[in-house]
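Here's a solo chain for you in structure tokens, the form predicted on its own.
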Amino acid sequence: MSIKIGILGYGNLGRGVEKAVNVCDDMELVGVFSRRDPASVKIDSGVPVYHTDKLPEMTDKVDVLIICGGSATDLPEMTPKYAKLFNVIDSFDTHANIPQHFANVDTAAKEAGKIGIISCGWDPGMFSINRLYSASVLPGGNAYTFWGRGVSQGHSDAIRRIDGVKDARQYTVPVPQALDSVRAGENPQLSTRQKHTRVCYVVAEEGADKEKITQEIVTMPNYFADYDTTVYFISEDEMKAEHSGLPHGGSVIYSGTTGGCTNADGSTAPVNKHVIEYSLKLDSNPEFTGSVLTAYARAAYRMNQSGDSGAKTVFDIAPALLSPLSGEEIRAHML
């Protein structure tokens, strides 16, 4: 039997989920739900589009609702709301607010007997798992996370809000010297500025003050002020030709040691250094994130079918629950 999937929100991430679901033999996309007029939403795969008002009528037709909204205002409201009706998945990525979001979803999901998996994606998500695995295997070490080179959609949007800006893309770029030092196991103490730089490509409105735009970008608090930031002004044609994609990626690097303990004879065991690295190079950030959400939708369905309920994170999900393969196949070919 196919797992019936609904998608709430049809932006870049919603389209990424759509592509992922459509290549899964054990899943069926039954509909897309939008706050917009359904007639204005053109779906690539041709499934029905419903207004979000119809969701309460669809509880017997959707096994898992994948919520593709923004973390600032959409997900804090939507995920607890719809966890009262469906098993839900989201990609909530405001790290500081995850504990409160988890608590809100947990209350709603447990009352309804549903599963709500939050903060799925690659960070938080896949990177989170690798940070936990590394710290568990080599306690007391140092974890470093580098993002990029890739497009930050949030930072690009922040630039586009500046008066005189017609379009913009912002790339987050790791500092090579910092990466080399971490990979060498040197355990450097790195400031925000020492880990990443930001490169901005801007299409300015005709007659706009480019120097003023540049100063607004490089001094913008919470986005650029703490980084070495370079701004390039380009044409619309250059933007379309060279910066139309949404690539991203990065690395989690963990440096730790073994040994150094005192032996029974009073001697000290030698210290050995170890570096663990997990990296991603993504042509499409939203399509990869959509694929992660889709895999966790499979896990949510299976967990709920077994009687489990409440909020979960990637830390709570057994890897085998993500795979369409049977336990026998996984053990035979991947263990």
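Start at 1 and count along the sequence shown; that's the residue number. On a predicted model such as this, the values are computed, not experimentally measured, just so you know.
Omitted from view is the form predicted together with a further copy of the same chain, to which the following refers.
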{"property": "Contact segment among 50-58, 65-73, 285-293, 33-41, judged by heavy atoms lying within 4.5 Å of a further copy of the same chain in the model of the complex", "result": "285-293"}
{"property": "Non-hydrogen atom within 4.5 angstroms of a further copy of the same chain in the model of the complex for each of H95, P124 and I129", "result": "yes"}
{"property": "Contacting member of D237, E211, E206, D265, with respect to a further copy of the same chain in the model of the complex [4.5 Å, heavy atom]", "result": "D265"}
{"property": "4.5 Å heavy atom contact, R183 and a further copy of the same chain in the model of the complex", "result": "yes"}
{"property": "4.5 Å heavy atom contact, Y232 to a further copy of the same chain in the model of the complex", "result": "no"}
{"property": "L13, heavy atom within 4.5 angstroms of a further copy of the same chain in the model of the complex", "result": "no"}
{"property": "Contact of Y278 with a further copy of the same chain in the model of the complex (heavy atom, 4.5 Å)", "result": "yes"}
{"property": "Members of 249-277 lying within 4.5 angstroms of a further copy of the same chain, judged by heavy atom, in the model of the complex", "result": "T258, G259, C261, N263, A264, D265, A269, N272, K273, H274, V275, I276, E277"}
